[in-house]
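There is one chain below, alone, in structure tokens, taken in the form predicted alone.
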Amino acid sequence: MKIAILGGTGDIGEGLALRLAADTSHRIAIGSREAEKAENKAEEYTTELESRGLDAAVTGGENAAVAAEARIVVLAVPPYHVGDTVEAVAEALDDGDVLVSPATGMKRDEEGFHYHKPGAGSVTAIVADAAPEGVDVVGAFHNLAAARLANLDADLGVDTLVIGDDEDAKRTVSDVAEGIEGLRALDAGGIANAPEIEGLTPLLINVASSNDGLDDLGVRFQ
């Protein structure tokens, strides 16, 4: 299956691209508003994979171009860009495609990071509101430490909570997530539950920043 990661030049995009290319047989393409930027990053990721003896390649291109060829499109962009990004690629999406949102809104003050709940209720809900008819939306990969994800030498051993209103789409994304070694996908219900899941991210950042040795903190439910 072809998976496009829009914003694949950023931290979470890099980690997902490397892990999916290394651990699964899916074809991975990263997108950017500038095709050349995505192509250059894709070359870097491919070089990293090849240096580890992995027969895997990552391709790159402009957001709409890579989205047009993909079954799953991951929106690895800042939360304030998700709506605009969906609108920019809407015509490239087909019925049955799945948009995946890992973004969470945050603000920071002297006490630390806090969840910044958007007016729609969650970032995942913003994506759902902007998605074309026939395109399903799933929230996943919210609470993963980007550096740990991108370090292929690091064992993950963490969970990702998956939310969505279409059970088939949610199952498809869960299967993709569990293709990453050490990552377990747990069903957390519908998009209405997104605020609780997105709100975990600033909590994890605050705990990690306040405790030595927890820079790459993740969550495992037992």
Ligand SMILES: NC(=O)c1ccc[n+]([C@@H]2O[C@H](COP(=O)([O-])OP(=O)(O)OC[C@H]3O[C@@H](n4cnc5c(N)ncnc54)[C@H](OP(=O)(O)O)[C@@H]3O)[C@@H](O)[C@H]2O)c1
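Note that this is a predicted model, so its numbers are computed, not measured. When you see a residue number, it is the position in the sequence shown, counting from 1.
The following text describes the form predicted together with the ligand, which does not appear among the structures shown.
- Between the options A120, A92, L152, A146, the residue in contact with the ligand in the predicted bound form by a heavy atom within 4.5 angstroms is A146.
- Taking V127, A76, V73, V138 one by one, only a single residue has any non-hydrogen atom within 4.5 Å of the ligand in the predicted bound form, and it is A76.
- The ligand in the predicted bound form comes within 4.5 Å of no heavy atom belonging to D23.
- When the ligand is considered in the predicted bound form, G10 lines it closely, a heavy atom lying within 4.5 Å.
- Among heavy atoms of S32, some come within 4.5 Å of the ligand in the predicted bound form.
- Heavy atoms of K37 reach within 4.5 Å of the ligand in the predicted bound form, making it an interface residue.
- Only one listed stretch (107-115, 79-87, 127-135, 92-100) carries heavy atoms within 4.5 Å of the ligand in the predicted bound form, and that stretch is 79-87.
- Contacts with the ligand in the predicted bound form, taken as any heavy atom within 4.5 Å, map to no residue of 203-222.
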